[in-house]
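Just one chain follows, in the form predicted on its own, and it is written as structure tokens.
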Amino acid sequence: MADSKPLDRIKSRLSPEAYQRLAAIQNPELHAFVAKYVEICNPARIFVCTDSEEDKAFIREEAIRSGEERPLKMPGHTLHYEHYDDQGRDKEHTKFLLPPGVDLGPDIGAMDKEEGLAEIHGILKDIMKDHTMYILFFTLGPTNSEFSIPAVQITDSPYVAHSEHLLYRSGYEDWRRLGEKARFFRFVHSEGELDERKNSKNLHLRRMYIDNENSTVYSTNTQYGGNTIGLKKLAMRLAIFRAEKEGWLTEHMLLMGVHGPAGRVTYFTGAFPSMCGKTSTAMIPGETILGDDIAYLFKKNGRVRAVNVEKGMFGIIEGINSVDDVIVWKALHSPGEIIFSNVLLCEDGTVYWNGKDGPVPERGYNHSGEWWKGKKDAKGKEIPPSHKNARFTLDLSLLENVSPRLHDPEGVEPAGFIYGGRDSDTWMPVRQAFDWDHGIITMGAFLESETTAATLGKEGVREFNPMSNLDFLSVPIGRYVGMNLDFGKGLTHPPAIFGVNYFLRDLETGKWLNDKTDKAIWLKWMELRAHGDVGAIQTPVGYIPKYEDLRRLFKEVHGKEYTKEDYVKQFSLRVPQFLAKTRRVMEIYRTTVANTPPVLFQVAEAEIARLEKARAEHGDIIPPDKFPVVA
């Protein structure tokens, strides 16, 4: 039987029903955790949520009643706003709490554990005295799966609770089944005091602290999903820390099925920084989505198994339109449970976002309050209709291309890993690595991308971002690269590794060389390459497509001609840019990253040697026909 003492300490604070729901989970460690934060946060009321639809409906209603969400014209649609200074991940105040002697390196924010715990508990003291505490149970990954992790979320925001029900699998019954066996993640969040718009008021006390040793995340005085939805990027830190010890991977990756010849479905994972095409890749018409953000990767019987941690999507809405984003556009304009955040509320009860089809409304209401065309902020800058990082939250079941294997407890076997970022002048649109180490190093560990509106700070700055996971690492970078390299050892069927770039520009004119829909072609080529169905051209930086294969795919998929001129512009090797990038990132590893695996430098130096040899033979910009075709 469970140790009832922790629950007995707070029994007077709980309704009989809430007490029985907690007691039914026979896990003393859980009871001690809940009791501790009931006593510290001092909520006015406590609601313990099960998997029932009635409990989920109660939370939805609370989100509207509290004013954190407002209903829209379309049935099931609601709208949420955050404070105008609380609409991106706050990297400055996201820190790991580390005991003495532990160092994660200069790129990972950290502080002394005892100091951090004292601060966060001081902030949490009585923070919920006027709020309801919601206690929610989830599984990160499919229920009844050996690959999943149970999690408990404490929050006083019905918007956060509602969001998590859309994004994650309810896990109350899984918790009851596991009992004391549950090795769980814990999350404590409070939005803090709210202003008249029901936004977090004390942003100077916004904190996101991660305690790896105790598998606990704290988040205070914020409502933005990236800072508050604990099971998302905050949970990634806990999972990466655990994965290193157990020999698996937690990656910032989409998970999708690409349809090939004769009804074949081939699964891929893909890592892209925010606003670099990850969600749009996962949503390509004709393919199937298992997830657009986070994947757990395990080795089983010499093969990789991958599961989507989530069952929903917290997607960037800017630019979504009926031509480029057919499937998600249809979902966003159909009845169903969807939360919109920081978009423009129109006078007719619909919403508008930057880049949506149709004319921009003259007036409305957005994160800045009453809005009109030409409205400017205090610095004289024009305020757009919706925030650049405005979002939508929905369950993947609303998408017509959702994979039937989304909830498969065995996961799926990916045939390929994809890495991509914003790169205007170097990477080709698609290429394949020579082998596991070459791909993990030159395409994953050497990934750079321009910053976007998804984080607070400047846009357009090219940043080093290994595997698109730098913001979420809980182990030093060198060890993380080593984890990825080691993961390939012992695989009897290692996935092929690809690099993609949707943002290549002409060196002379600066014009984009890729159309938004071209990514569908690159995926089809990768699917064929994963099975060895087409040959390729061997360049110093990997294998690239042959023109005739792409021409055929453009005709089959899009019904349009693909010119040799476009092909040459897109796939010519830009030697100076590749050399500069490789040397630039190598210098980072040499000077700022401790314990970098020596193979990283060996692989990079070999690539530099191949590039220098090619330049000596063919010049700075080398068209594809100068390189050999391989089977």
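All residue numbers refer to positions in the sequence shown, first residue = 1. In this text, all values refer to a predicted model and were calculated from it rather than measured experimentally.
What comes next is about the form predicted in complex with a small molecule, which is not displayed.
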item	value
Interface residue in the predicted bound form among N342, T250, S200, S274, criterion: non-hydrogen atom within 4.5 angstroms of the small molecule	S274
Listed residue that, although the small molecule is not shown, lies within 4.5 Å of it in the predicted bound form (heavy atoms), from W525, W353, Y224, Y296	Y224
F472 within 4.5 Å of the small molecule in the predicted bound form, heavy atoms	yes
Contact label in the predicted bound form: H162 to the small molecule, heavy atom within 4.5 Å	no
Proximity of R422 to the small molecule in the predicted bound form, heavy atoms at 4.5 Å	no
F314: touches the small molecule in the predicted bound form, heavy atom cutoff 4.5 angstroms	yes
In the predicted bound form, segment of 229-237, 104-112, 536-544, 205-213 with a heavy atom within 4.5 Å of the small molecule	229-237
